[in-house]
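A single chain comes next, written as structure tokens; it is the form predicted alone.
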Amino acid sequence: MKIRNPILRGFHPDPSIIRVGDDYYIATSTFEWWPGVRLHHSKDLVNWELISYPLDRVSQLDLKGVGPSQGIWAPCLTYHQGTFFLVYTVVSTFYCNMHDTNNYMVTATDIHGPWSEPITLSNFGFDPSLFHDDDGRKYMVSMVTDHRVPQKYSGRLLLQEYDHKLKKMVGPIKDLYAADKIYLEGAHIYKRNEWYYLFAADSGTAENHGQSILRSRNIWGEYEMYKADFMERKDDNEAYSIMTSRHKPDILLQKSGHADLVETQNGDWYMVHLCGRVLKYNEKAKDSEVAKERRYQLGRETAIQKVVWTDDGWLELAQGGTTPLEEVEMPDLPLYPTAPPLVRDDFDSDTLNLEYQSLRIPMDESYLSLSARPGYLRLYGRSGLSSRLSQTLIARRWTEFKFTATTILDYSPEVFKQLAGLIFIYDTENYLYLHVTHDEDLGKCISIIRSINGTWDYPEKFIPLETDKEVILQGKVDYGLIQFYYGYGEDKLQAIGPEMDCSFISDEACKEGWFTGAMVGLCSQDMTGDRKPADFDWFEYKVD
């Protein structure tokens, strides 16, 4: 049996992996989506299950007001002597010269929590990673941001010791890497056969992305970069990558890089890394101007590769070369199937399914309820869709380019400032929203809002609805195109609006923020301040 990539499909970037006994855990970035950091579990590296979010209290994580694709960046998960350690960045200011990149650590003795209150670390840059040395000492490596014009280095990594008893950074800060051409970030340190290895993402996180490895006999350096003949380079500015997709634009796993390593119980080594699947447009859209652009609606995902150590102590892909594979040899471990993915949620549970996240803030009882009307999800309308402060919205990831999302809504808006419905969203400026509202002349009605980088329009006029009936809302996504439907029975739906391009709900298409991925979910707005409730009987996400 082969492992099929990506192993975590849809928006799951910056994977960090550990093994504790027979259990494997991956942590991934969540940016402005709440709660913070997704944790998946596996016993075979084939089947993965979402198990928890470590940052689930406002005292641990306050994302209110952060911009698109800011918030939680690049968590690093480690385990040492009975304790789990999670270090991460909370980005509050970006897309400017002076970045605010605040680094923190939380710990737990159980992977399911509770996790501690955050410990403040140094803030030189983002992508912090914790290393536990054989003598018990701990060190943090991170990249460095530079606001100067021009910047002194293209890429820079530094190291400092962390004192676990004092719970703070101590001692000198030293550069491990500083270069004027090759940019490194997302670094991890490992120790093997008395070598310290610096494993780092290179060349940004877009289509030039790759993964480099360096080593030193001393943790403080100097570090030598692995340079081999099989590493294809077009010029001196290009990194020496042990894995990259930059020269193969037609393979499935683009953007490959930002990796982490794990050793199995049997001594095999695997590398998890982020990747992206480029949108291949629907036949109906393939000749349009927008179809000529390379877009990544599903965001950056997590894939896995088998790796081997060479006789002279360097790391390479098991298959040779630098190209990541769609299918990878699985380890010699028994298969351990996990529960099937959630398709239809009838909202019969007392708690919201882990698949859902909200924007920036937790959805407490003032935003939603699963008990006010048993069997329904009640959303209390709050701020508008551009708000970075108090949106009532839950959403789950797009995992494929073709799927159908459907819900049924019981809602009685009284003014046009009250809306609720089904949303396909990338961020607060890019979405398509099939919603029910009220019009002074029509009464209860339905329409579509389209927002592309903050520019609004209505692709369909307002259509009146029957006042006393629940209405079904549906969107069918088909490789860059979307068609909306509505009606009063699942077998009696009618199209609303034209079939539209939805590829702008994507990395690369947004003006601000392009690190997350497309989401689909439910939301409600009440800009009167009355918090009008909207009741959803069920929500279905079905891959076609």
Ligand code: 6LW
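On a predicted model such as this, the values are computed, not experimentally measured, just so you know. The first residue of the sequence shown is number 1, and the count goes up from there.
As for the form predicted together with the ligand, it is not shown, yet the points below apply to it.
K.L.:
Find out whether any non-hydrogen atom of T205 is located within 4.5 angstroms of the ligand in the predicted complex, and reply yes or no.
P.N.:
Because a heavy atom of T205 falls inside 4.5 Å of the ligand in the predicted complex, the answer is yes.
K.L.:
Verify the contact flag for F31: yes if a non-hydrogen atom of it lies within 4.5 Å of a non-hydrogen atom of the ligand in the predicted complex, no if not.
P.N.:
Result yes; F31 sits at the interface with the ligand in the predicted complex.
K.L.:
Just checking whether F515 would be counted as a contact of the ligand in the predicted complex - the rule being heavy atoms within 4.5 angstroms.
P.N.:
F515 belongs to the contact set for the ligand.
K.L.:
Is the gap between Y197 and the ligand in the predicted complex 4.5 Å or less for some heavy atom pair?
P.N.:
No - in the predicted complex, heavy atoms of Y197 and the ligand never come within 4.5 Å of each other.
K.L.:
Using a 4.5 Å heavy atom cut-off, indicate which stretch of 126-134, 307-315, 390-398, 102-110 touches the ligand in the predicted complex.
P.N.:
That would be stretch 126-134.
K.L.:
Going by heavy atom distances of 4.5 angstroms or less, which of W73, Y296, F84, Y270 would be at the interface with the ligand in the predicted complex?
P.N.:
Checked against the cut-off, the match is W73.
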